[in-house]
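Here you get one chain, nothing else, as structure tokens; it is the form predicted on its own.
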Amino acid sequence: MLVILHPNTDEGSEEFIQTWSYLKNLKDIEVRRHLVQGRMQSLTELYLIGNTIALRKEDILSLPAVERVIRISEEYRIIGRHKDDGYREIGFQYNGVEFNQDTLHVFAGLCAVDTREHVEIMMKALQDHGQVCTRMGAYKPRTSPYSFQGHGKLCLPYVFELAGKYGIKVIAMEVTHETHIEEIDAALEESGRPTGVMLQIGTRNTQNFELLKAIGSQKEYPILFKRGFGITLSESLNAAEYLATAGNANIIFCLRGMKTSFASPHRNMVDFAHVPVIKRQTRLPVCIDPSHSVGSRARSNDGLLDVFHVTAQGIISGANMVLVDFHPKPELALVDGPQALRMDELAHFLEDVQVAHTAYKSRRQLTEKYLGMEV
């Protein structure tokens, strides 16, 4: 059962104290509190977990701080969409950037940070093209223990410094251990917090539940959660629910292709048809990762790279974020150089993204016309 309190409820108020006391004393019921910070107001959501069938909605609604009560039958209690909850805010704002199921942001950047020079070239190019987000890999889990694992905390100071210099507001950065959050936080603090970080959970850690709990328990940084490459969509969404139950529901769900023998010649089977499915089942914005789906610079007869094609497929299906590899010198990249786009392809890629996004918006307008309602 989901209990929504009146907007901007003060947790020190008599109304809240009375409501909280009543709910905490319910037999065989656990109460979990989540604060949703919107643009105009904050909203407190209380999740009642246990034998809620025996609870009467009318009794809960009569409590002084309660605005609405929703019975939850769906699998994803916090990240999911539920009946009669259409008014609930979707998405979040972080460091001045809005993320929801209607926005679109491109996170172009280095899969793995290698040199300060390459970071600066990338960030300057992004600024020149009006971009405020990027991806920068400091910690890199690899299949082989002998492969480059990333520079880790050693590169964080200059990555954050350059982000501030070139107006980058959000950096998507994978973490593989909770100590990485402490290192990121310390480096940001020491540099005066010139930028923001979105913590990325890679596909290898999708079901690392202890890591998910640790990352979900912090509320400073939003989370980019990648689908597991060898599990079902439902299993991946349940794993994302671990983050939310730990306290942080500022999550973006990323599709990055499925590992299967049928994917060839691509690196993974492109799964971007699941974009609208995730948006229908959950309140999460959806990201696509065309670089790790395709895994090459293969070019079609029409002149477009396969990465461009699958990006357009995801965006025209409603994707809200694109995570894509670029590198000033792909031949020198320490990770995934063969799939990285070149700097002279950035302008083309960004324009192509806008073409696909315009097509998506046109399709929505067409649907509104024929359904006779706003969608």
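Because the structure is predicted, anything quoted here is derived from the model rather than measured. From 1 onward, residues are counted along the sequence shown.
The next section is about a form of this same protein that is not shown, the form predicted together with a small molecule.
For the chain shown alone, Val197 is not a contact residue for the small molecule in the predicted bound form, no non-hydrogen atom being within 4.5 angstroms. Of the heavy atoms in Cys111, some are within 4.5 Å of the small molecule in the predicted bound form. Though the partner is left out of this view, Leu323 does reach within 4.5 Å of the small molecule in the predicted bound form, counting heavy atoms only.
When contacts are judged by a 4.5 Å heavy atom cut-off, Arg297 does not count as touching the small molecule in the predicted bound form.
The contact with the small molecule in the predicted bound form, taken as any heavy atom within 4.5 Å, belongs to Arg204 out of Arg204, Arg81, Lys124, Arg71. Contact with the small molecule in the predicted bound form, judged as any non-hydrogen atom within 4.5 angstroms, is confined among 157 to 165, 208 to 216, 288 to 296, 275 to 283 to 288 to 296. The candidate site formed by Arg135, Glu174 and Arg256 is fully in contact with the small molecule in the predicted bound form, as each residue has a non-hydrogen atom within 4.5 angstroms of it.
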